[in-house]
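First comes one chain, alone, set out as structure tokens in the form predicted on its own.
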Amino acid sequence: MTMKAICKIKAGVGAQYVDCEAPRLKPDEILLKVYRSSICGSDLPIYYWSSWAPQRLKLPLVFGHEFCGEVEEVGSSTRGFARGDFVSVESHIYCGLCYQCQNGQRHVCKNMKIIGVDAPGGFSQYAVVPARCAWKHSDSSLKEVGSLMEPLGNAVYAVLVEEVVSRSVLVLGCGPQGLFAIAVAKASGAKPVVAVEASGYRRKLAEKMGADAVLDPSSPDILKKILKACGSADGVDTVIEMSGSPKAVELALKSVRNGGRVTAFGIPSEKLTIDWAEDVIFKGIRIYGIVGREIFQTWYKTESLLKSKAIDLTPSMTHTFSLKEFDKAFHVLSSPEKKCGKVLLVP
């Protein structure tokens, strides 16, 4: 069986829309007919052949790790899946044998492989995934947002690693993950939810996702404005850093109250210099490093938030392209003006 796919064939900028053989099924895998996929910021280094991608990827590779689809075929040793089931994909392939996997920390497995990076991904008409990485939906009600379960899970984990009910929450960076974090915080009882974002387009999206106040980081006295918006001169209860910007990380540590919490999700492009004593130790804060999702605890929370309609992802889903229009999709996502939210692909 052949299929259409976006394949990174050679080093350099771009990828190709090709006809290729559909992946062969192993006993512990399931074959999906992909319904939707979505582009993650971490797909940009693959497309542009920058940052970590040249050192890690083995080409050719069909990439893409955010996707959902219908089960076409099941491997001989799989259980609990049947043809026609609708699933979303957990992109982290955990080994199940290391210390972390055996102690409730599969999301930081020591032998982690990532679908679409270390194994073929889902920018294609069909994809094969380990059955243990498939989240089976009870029905198709979440079909249109199925590819967003994985990235939304990042935000759910980042926000809810500690309780936020009646606490002030500051979200730094309103890319898709930041937008999701706003919605999760709002739905989980945080008050107020304040966002900081440089892009005017994304500031408007942040408002649509439920932020009580949205600020421009370039405005004078931004720290004072944050504290005023959060209603306390003592600082913010919870800071969710989603951008990776060194200035945003510094702002996170300065704005959090003594004894407060900072969640670190954004990946800095350079090494950071922070005042460890004044901003961390003497303030007695807690810093959580967030990678992926807790497997599968986060998935239960994520599905519940969506099925109960506590959160609506529609405002964040700004662009949809066909698979063969992937070049346009990547250019929209990487535009300096950042005039997009989540970008989806349809096979």
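What you are looking at is a predicted structure, and each value in this text was computed from that prediction instead of being measured. Numbers for residues come from their place in the sequence shown, where the first is 1.
One more form of this protein should be noted, the form predicted in complex with another copy of the chain, which is absent from this view; the next part is about it.
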**Segment that reaches another copy of the chain in the predicted complex - one of 116-124, 216-224, 157-165, 201-209, heavy atoms within 4.5 Å** = 157-165
**Message:** With a cut-off of 4.5 Å between heavy atoms, is Asp275 one of the residues that contacts another copy of the chain in the predicted complex?
**Reply:** yes
**Prompt:** With the partner left out of view, is Gly259 within 4.5 angstroms of another copy of the chain in the predicted complex by any non-hydrogen atom?
**Reply:** yes
**Request:** Indicate whether another copy of the chain has at least one heavy atom within 4.5 Å of a heavy atom of Pro268 in the predicted complex.
**Result:** yes
**Message:** Would you classify Gly104 as touching another copy of the chain in the predicted complex, given a 4.5 Å non-hydrogen atom cut-off?
**Reply:** yes
**Request:** Report whether all of Asp237, Phe296 and Ala310 sit within 4.5 Å of another copy of the chain in the predicted complex, measuring from non-hydrogen atoms.
**Result:** yes
**Prompt:** Taking another copy of the chain in the predicted complex, which residues along 270-293 bring a heavy atom to within 4.5 Å of it?
**Reply:** Lys271, Leu272, Thr273, Ile274, Asp275, Trp276, Ala277, Val280, Ile281, Phe282, Lys283, Gly284, Ile285, Arg286, Ile287, Tyr288, Gly289, Ile290, Val291
